[in-house]
Structures are given as structure tokens and as C-alpha cells.
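Below you will find one chain, with nothing else, as C-alpha cells; this is the form predicted alone, and questions on how it binds or moves follow later.
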Amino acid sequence: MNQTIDTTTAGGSDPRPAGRAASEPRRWRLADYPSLLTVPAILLLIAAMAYPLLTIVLRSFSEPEWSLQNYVWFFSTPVNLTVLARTFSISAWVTIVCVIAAYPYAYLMTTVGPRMRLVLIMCVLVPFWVSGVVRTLAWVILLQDSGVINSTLKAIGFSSIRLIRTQTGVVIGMAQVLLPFMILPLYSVMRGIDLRLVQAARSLGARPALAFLQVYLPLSLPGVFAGAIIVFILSLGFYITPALLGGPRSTMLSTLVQSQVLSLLNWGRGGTMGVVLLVSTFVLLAVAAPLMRQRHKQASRS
């Protein structure tokens, strides 16, 4: 009976005394705090976005002195208000053009086979690999008075159309650049829609157009709203395309900001324009978001 059995070791538990194991602190592990993984991204956003934005806001109030004179100047100058309204108008037209052009393309991507779908996706992604300046210069060649479009119109017996240095040319160029940002959200929503729902509606007597409008279209509205918001917000800050394709009557607010900051070195007024555009965008989205959700719910119920 001189043999002793080490029950602690045999049971597979910690061979150390119970008191010592309980008093020893637990080792720190990153897996126990997954929220810490977001710290690098948060620091990057603060350094690249929050700090510059805060600097611009402070300069709009502090240059040349602490006051509201920059905002008084902005809202008392008719040219600034006209350009601000034109900026939102052009952005709205670009969004409408992108919705009209992207919806059938995204729908086609959900109906074709895998190989053809890959080709269509590549056609969407290829523009991302080309510089925006290069694409805009290509539109300059196409839209100019002696360009490909007007030459083709003259060849078939039509008169030429002035497209360069107009709002129409700016909308065409911006829509081509932003079209992938509308197609991808639409496709991501459309691919999750069961096409058998449309077939069921048709089997119950609905015409193809009516089945599409009452069944498929309401289900795809989240993609339309998401893409429209992305395109609209990106359109507000465009500079290169309006500068190359537009003229004096198609000037957007980004051009005025550039002239105030780089040409006149007036950071206060330039910052004021940026703040007004940012606040106006937030207000517009705050008003439009509930309306979009309400219309989506009504369409889904119907």
C-alpha cells in the first residue's frame, strides 16, 4: 500500500495546486477582444478623413478671423447659390441616367449563363483599371464638334449636336465613370431574387410586364436605392470630368473650391463651400431616406 496515485495528473487537469492555479492571472489574448481589430482602420479614418475635415471646418470659421463672414459671403453671393443648385441638378441627372442604363444590364447579368456573366462582369470592372483622366479625355474626342459622334450624325444626314462644353456632355462623361457603382449594388440584390416568383405571377394570369412591375421591381428597389445614393454622393465631388467636358454654364461647386483654394489661396471661403456642400448632402439624404423606405414598403405590400 505504499503506492500513491496522483489523481490530479491521472484526471488530466492542472497538476499545480488549486490555490496557485486560481491566483495566477489569465493570459491576455487578442481573440478575447475582437473589437481591437478595428483600431487600425479607425486610426486610418481619423488620420485620412476626420482630421482634414475638422481642419477645413475650423478654417471656414477662423480665416481671416473667427466669425461667420465666410458663410454670409457664400449665401449672399448669387453665383455661389446658382452653382450649388447646378451641382445637385447635374448629380441628380447623372443618377437618373445611371439607373436607366444599369438596371437592364444588371438584370441581364442574372439571366445569362456563367460564362456570359463572367464576360459582363469583366466589362464592368475593366473601367476601374483605366484612369479617370484617360476616360474623360476619350470623351473629349468623342463629344467634340468634329468628333466621332457628330461625324457619324453628319454621315447619315443629320445635323451636328453641340455636346462638348455643355451640361449634357458633363452628364454623359460622369455617368460613364460612375456606371459600375450602380451596376454592382443592383446585381448583388438581383442575384438574390427568385425568378420563380415572376413565373408564378405569370402562371396566375399576369402579363409579363405586369408581373415584372409588381413582383420583380419592388424586390430590386433596395439595390436601386443603394446604387443611387452612392452615385449621387460621388457625383457631387466630381472635378476633372466637369472641368474637361463642361464650360462656364456647367461649372460645379468643386471647381469654385479649387479656384478659391489653389488660385486665390483663400482657405476660409474654400472650406465654407465644402462645408455647405457636405451639410446640404446630409440634409438631402436625411429627407430622402425615409421617403425611399416608405415607397419601398408600399411597393413590397402591393
Partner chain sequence: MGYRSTFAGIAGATTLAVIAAVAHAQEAPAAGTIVDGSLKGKTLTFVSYGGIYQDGQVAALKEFVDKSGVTLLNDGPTEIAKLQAQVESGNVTWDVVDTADLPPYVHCGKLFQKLDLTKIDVSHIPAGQVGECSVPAMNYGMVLMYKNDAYKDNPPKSWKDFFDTEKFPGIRAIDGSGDPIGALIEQGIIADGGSVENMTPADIDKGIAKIKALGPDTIFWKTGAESQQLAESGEADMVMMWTGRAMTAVKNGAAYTPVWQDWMVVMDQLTIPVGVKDTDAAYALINAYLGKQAQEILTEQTSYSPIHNEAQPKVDASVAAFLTNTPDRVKQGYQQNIKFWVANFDAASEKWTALMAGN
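Treat the numbers as computed from the prediction; the structure is a model and nothing was measured. Residue numbers count along the first chain shown, from 1.
What follows is about the form predicted in complex with its partner chain, which we do not show.
> Which of 223-231, 182-190, 111-119, 81-89 has heavy atoms within 4.5 Å of its partner chain in the model of the complex?
Replying inline: Stretch with heavy atoms near the partner: 81-89.
>> When its partner chain is placed as it is in the model of the complex, are L244, L256 and L262 each within 4.5 Å of it, taking any non-hydrogen atom of the residue?
In response: Checked in the model of the complex: all three residues contact its partner chain.
> Should V140 be counted as a contact of its partner chain in the model of the complex, where contact means heavy atoms within 4.5 Å?
Replying inline: Looking in the model of the complex, residue contacts with its partner chain include V140, since a heavy atom lies within 4.5 Å.
> Using heavy atoms and a 4.5 Å limit, would one call R29 a contact residue for its partner chain in the model of the complex?
Replying inline: Close contact is absent here: in the model of the complex, R29 is far from its partner chain, nothing within 4.5 Å, heavy atoms only.
>> I'd like to know whether P64 contacts its partner chain in the model of the complex, with contact meaning heavy atoms within 4.5 angstroms.
In response: Contact with its partner chain, no.
> S160 near its partner chain in the model of the complex, any heavy atom under 4.5 Å?
Replying inline: Judged by the heavy-atom cut-off of 4.5 Å, S160 is well away from its partner chain in the model of the complex.
> Counting only heavy atoms, which residues in 149-172 are within 4.5 Å of its partner chain in the model of the complex?
Replying inline: Counting only heavy atoms within 4.5 Å of its partner chain in the model of the complex, the contacting residues of 149-172 are R162, I164, R165.
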